[in-house]
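Have a look below at one chain only, the form predicted on its own, in structure tokens format.
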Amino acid sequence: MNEASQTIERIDLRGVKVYPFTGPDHLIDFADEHKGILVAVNAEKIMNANELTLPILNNNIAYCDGSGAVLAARQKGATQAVKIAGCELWLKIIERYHDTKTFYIIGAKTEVHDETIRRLLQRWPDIKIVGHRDGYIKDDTERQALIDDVADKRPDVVFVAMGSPKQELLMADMLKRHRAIYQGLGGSFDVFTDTVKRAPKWWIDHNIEFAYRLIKQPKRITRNFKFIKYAWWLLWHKF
């Protein structure tokens, strides 16, 4: 029996139920077997979970994408849980399946989207991209047309880079029509195309990537005030 086939007990982090995967391969094996939406969970997602987003988080494949989520999961007994960066995971999925599965790529500004497709084809010439479009959906008509196209072309994997919760809500509606592996990617296409620089490896390895982003984007400070409360939860084992 492989690791994906074994029962994985989800960890409840103040109402957000997260799978404590032990690495990206563990997650990919599980997703291939169960399908659904891969939802990256960090401290912000836990704190902002509401009646709209919580069902999507808890009815799909939520995984730890931040050190805060990992620390909370370990406090709840999932000592083997690790951080799995969504901006790396989607490339690992392509690396494994580029020559065996089909893909649909959605998201980002037109120029970033087009460069993403170009670089994917350059890196994996045999990748099977059955459809793609940028992330600027003007109205419900365009949104429905996209959902219809995905249902018609039936890709094995769908990547949506539009930011939360918009991308999760779109993927939830797509999943109703077509069962596949879906992953929300936020700004990952910007990182992939070097439009936005990710934190250097040292910051990532020491789990302080958030601090690097704060230095580069001081306006984020207002978003980070709420994490004082999250730190308090961790300090006093309130999960």
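This one's a predicted model, so the numbers in the text were calculated from it and none came from an experiment. Just count from 1 along the sequence shown to find any residue number.
In what follows, reference is made to the form predicted in complex with a small molecule, a form of this protein that is not presented.
Colleague: Looking at K166, R143, R119, R154 here, can you tell me which has any non-hydrogen atom within 4.5 angstroms of the small molecule in the model of the complex?
Modeller: Exactly one residue meets the criterion: K166.
Colleague: Name the residue from I93, A78, I84, M162 that puts a heavy atom within 4.5 Å of the small molecule in the model of the complex.
Modeller: Here the answer is residue option M162.
Colleague: Decide whether R123 counts as a contact residue for the small molecule in the model of the complex under a heavy atom distance cut-off of 4.5 Å.
Modeller: Flag for R123 set to no.
Colleague: With the cut-off set at 4.5 Å between non-hydrogen atoms, does G36 touch the small molecule in the model of the complex?
Modeller: No, G36 stays farther than 4.5 Å from the small molecule in the model of the complex.
Colleague: Taking 4.5 angstroms as the cut-off for heavy atoms, does G135 touch the small molecule in the model of the complex?
Modeller: The answer is yes: G135 has a heavy atom within 4.5 Å of the small molecule.
Colleague: Decide whether L89 counts as a contact residue for the small molecule in the model of the complex under a heavy atom distance cut-off of 4.5 Å.
Modeller: No, L89 stays farther than 4.5 Å from the small molecule in the model of the complex.
Colleague: Pick from 187-195, 46-54, 169-177, 28-36: which stretch has non-hydrogen atoms within 4.5 Å of the small molecule in the model of the complex?
Modeller: Careful reading of the contacts points to 187-195.
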